[in-house]
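Okay, so here's just one chain, in structure tokens, the form predicted alone.
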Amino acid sequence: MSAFDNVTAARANNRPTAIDYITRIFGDSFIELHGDRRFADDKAVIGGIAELNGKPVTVIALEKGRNLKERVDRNFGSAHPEGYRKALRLMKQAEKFHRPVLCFVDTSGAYCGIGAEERGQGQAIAENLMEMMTLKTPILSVFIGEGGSGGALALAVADEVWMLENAIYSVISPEGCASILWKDSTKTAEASECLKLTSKDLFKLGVIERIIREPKTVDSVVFESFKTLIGQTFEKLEASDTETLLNKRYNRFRKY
């Protein structure tokens, strides 16, 4: 499977979105919370509290939508500043009440419209990076589809980062890379190879800790095993004292 095949798979219309993972893993226990308490509620970012093995967790996700109506409503998963500020509000709440944070990432990138820039898109992302680095509670981020640039990284400063087998994570889209380097959009496949954006590439580089296999048929057993894996990881991370947790997280990113 080529890198561009991975890009195509990560963008597939029938691919499960964040809502599917939240519903199948947490069921009715998930309670969504809204708004950044500054401007608005960004529907590209879903966040709330759920129960995992009898313990509360904070769940935050970038949601693209599962059909055209939902995708328009959720801005195709491209968050505005208020979306990232909502995410940060929920992370700080999780820190206060000692809840671990689980993030699902699936976005082509942060929204780059005029309104988003006027309301401080760059600052909102930068604040998330800074605050997540020192958040005094475990953080796990899982890339379930696309992971585009700072828009994805804003939910990925975590103790561990996982990727689904066919997910991608890159500093820029292959199309953007091709247009900048070669001024030629037909070079997208070549750009995909150069960017090292596949889960296998990023695992070898030490950017992620785990690759989650994607079976051809997604059923309840897959989500149950995923849920078990998440629970075990949070137990491991919660066993560390706060200073050790933060030092490991800091060193994880410094080694890049």
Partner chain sequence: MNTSDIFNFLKPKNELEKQEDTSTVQNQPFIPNELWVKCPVCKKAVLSSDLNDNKKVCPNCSYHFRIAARQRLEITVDEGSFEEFDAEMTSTNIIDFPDYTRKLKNARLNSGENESVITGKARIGGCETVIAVMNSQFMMGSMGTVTGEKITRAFEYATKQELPVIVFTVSGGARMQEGILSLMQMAKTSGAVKRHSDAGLLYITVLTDPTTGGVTASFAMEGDIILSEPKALIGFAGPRVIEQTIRQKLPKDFQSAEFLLEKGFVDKVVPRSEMKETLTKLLILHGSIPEKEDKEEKEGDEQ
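Positions refer to the first chain, counted from 1. The structure displayed is predicted, hence computed values, not measured ones.
What comes next is about the form predicted together with the partner chain, which is not displayed.
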Query raised in the report: Of 52 to 60, 27 to 35, 192 to 200, 66 to 74, which is the one stretch near the partner chain in the model of the complex, taking non-hydrogen atoms within 4.5 angstroms as near?
Result: 192 to 200
Query raised in the report: So, in the model of the complex, is P100 in contact with the partner chain at a 4.5 angstroms heavy atom limit?
Result: no
**Report entry** Distance check, L140 to the partner chain in the model of the complex, heavy atom within 4.5 Å
**Finding:** no
Query raised in the report: Does at least one non-hydrogen atom of I125 fall within 4.5 angstroms of the partner chain in the model of the complex?
Result: yes
Report task. May I ask you to state whether N166 is within 4.5 Å of the partner chain in the model of the complex, using heavy atom distances? Result -> no
Requested in this report: Let me know which residues along 94 to 111 have a heavy atom within 4.5 Å of the partner chain in the model of the complex, or say none if there are none.
Outcome: A110, Y111
